[in-house]
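One chain comes next, on its own, written out as structure tokens in the form predicted on its own.
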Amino acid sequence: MRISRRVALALPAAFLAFTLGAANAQGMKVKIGTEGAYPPFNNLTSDGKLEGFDIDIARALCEEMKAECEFVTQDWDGIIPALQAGKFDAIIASMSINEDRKKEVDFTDKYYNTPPAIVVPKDSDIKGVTKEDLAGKTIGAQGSTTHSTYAEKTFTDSDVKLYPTSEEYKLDIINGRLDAVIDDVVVLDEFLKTDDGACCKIAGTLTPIEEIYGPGIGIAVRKGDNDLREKLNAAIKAIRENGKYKEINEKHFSFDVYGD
């Protein structure tokens, strides 16, 4: 039965307090923003389901916090503005913790840390991953990422081409329109395991620059949302200690992605 606003205002304060208490007893509600276009970390399947390491970690953290969580997919370029606008409460989307982003959001502790890498066509004459090795080459990267920042600051003698998603730069290297691409080594390794990825090979991994990549991948929350950040930190620590993190890690990877 729907209660009118006038009747609701007339309800005894004790009854209102009881209903609010009952709602809190059911647990907190958290909306989680993710990209859904960054396999194997987060990916939206053809039938509309979210999957990947980020997604499984998010669900484990929600279970640990006894929180009711809802996922919201958001294009990468607008993911921080969407968080700030209240579209969701936290970003779990393989976002590197770095100083530029810290000016806009607060971060939890890291929940994984893997290095960047360079992929080139199998018949490429590129022999390494230094600035000199890639001079004069066209390098693809997903825009507004730490990898694109690294490429633009490091490969100054190359043409760095930016894409809205990782899927788009993959199409261009498959079709011979790029000489190389840069991304997380796990993302690129998963790409190479596909039929389309048979075109290419890993030329090498890169040593992350702390100024750009920070200490690893964290969960972003709105500035000043210390309560949610600390709950997430406690949950990350808990799943690391109780074996849930290891279980999820082994489901997706054959090595430890947490890093040193």
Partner chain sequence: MTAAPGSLTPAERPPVQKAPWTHQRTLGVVLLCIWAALALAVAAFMVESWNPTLFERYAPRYMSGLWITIQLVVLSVIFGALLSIPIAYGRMSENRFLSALAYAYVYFFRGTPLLAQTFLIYYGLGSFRPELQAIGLWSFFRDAWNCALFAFTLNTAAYQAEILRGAIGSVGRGQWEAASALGIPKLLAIRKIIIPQAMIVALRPYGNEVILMIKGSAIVAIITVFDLMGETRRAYSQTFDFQTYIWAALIYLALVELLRNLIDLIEKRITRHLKR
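Positions refer to the first chain, counted from 1. Note that this is a predicted model, so its numbers are computed, not measured.
One more form of this protein should be noted, the form predicted together with its partner chain, which is absent from this view; the next part is about it.
What is the one choice in 133, 190, 106, 152 with a heavy atom within 4.5 Å of its partner chain in the predicted bound form?
In short, 152.
Does any heavy atom of residue 176 come within 4.5 Å of a heavy atom of its partner chain in the predicted bound form?
Yes - in the predicted bound form, heavy atoms of residue 176 and its partner chain come within 4.5 Å of each other.
Considering only heavy atoms, tell me if residue 110 and its partner chain come within 4.5 Å of each other in the predicted bound form.
Residue 110: no contact with its partner chain in the predicted bound form.
Answer yes if any heavy atom of residue 128 is within 4.5 Å of a heavy atom of its partner chain in the predicted bound form; otherwise answer no.
Close contact is absent here: in the predicted bound form, residue 128 is far from its partner chain, nothing within 4.5 Å, heavy atoms only.
Spell out, yes or no, whether the shortest heavy atom distance between residue 185 and its partner chain in the predicted bound form is within 4.5 Å.
Residue 185 lies outside the contact set for its partner chain.
For its partner chain, considered in the predicted bound form: do all three of 80, 101 and 162 come within 4.5 Å of it, counting heavy atoms only?
Verified in the predicted bound form; spot residues all in contact, yes.
Pull the contact list for 190 to 227: residues with a heavy atom within 4.5 Å of its partner chain in the predicted bound form, in sequence order.
Residues within 4.5 Å: none.
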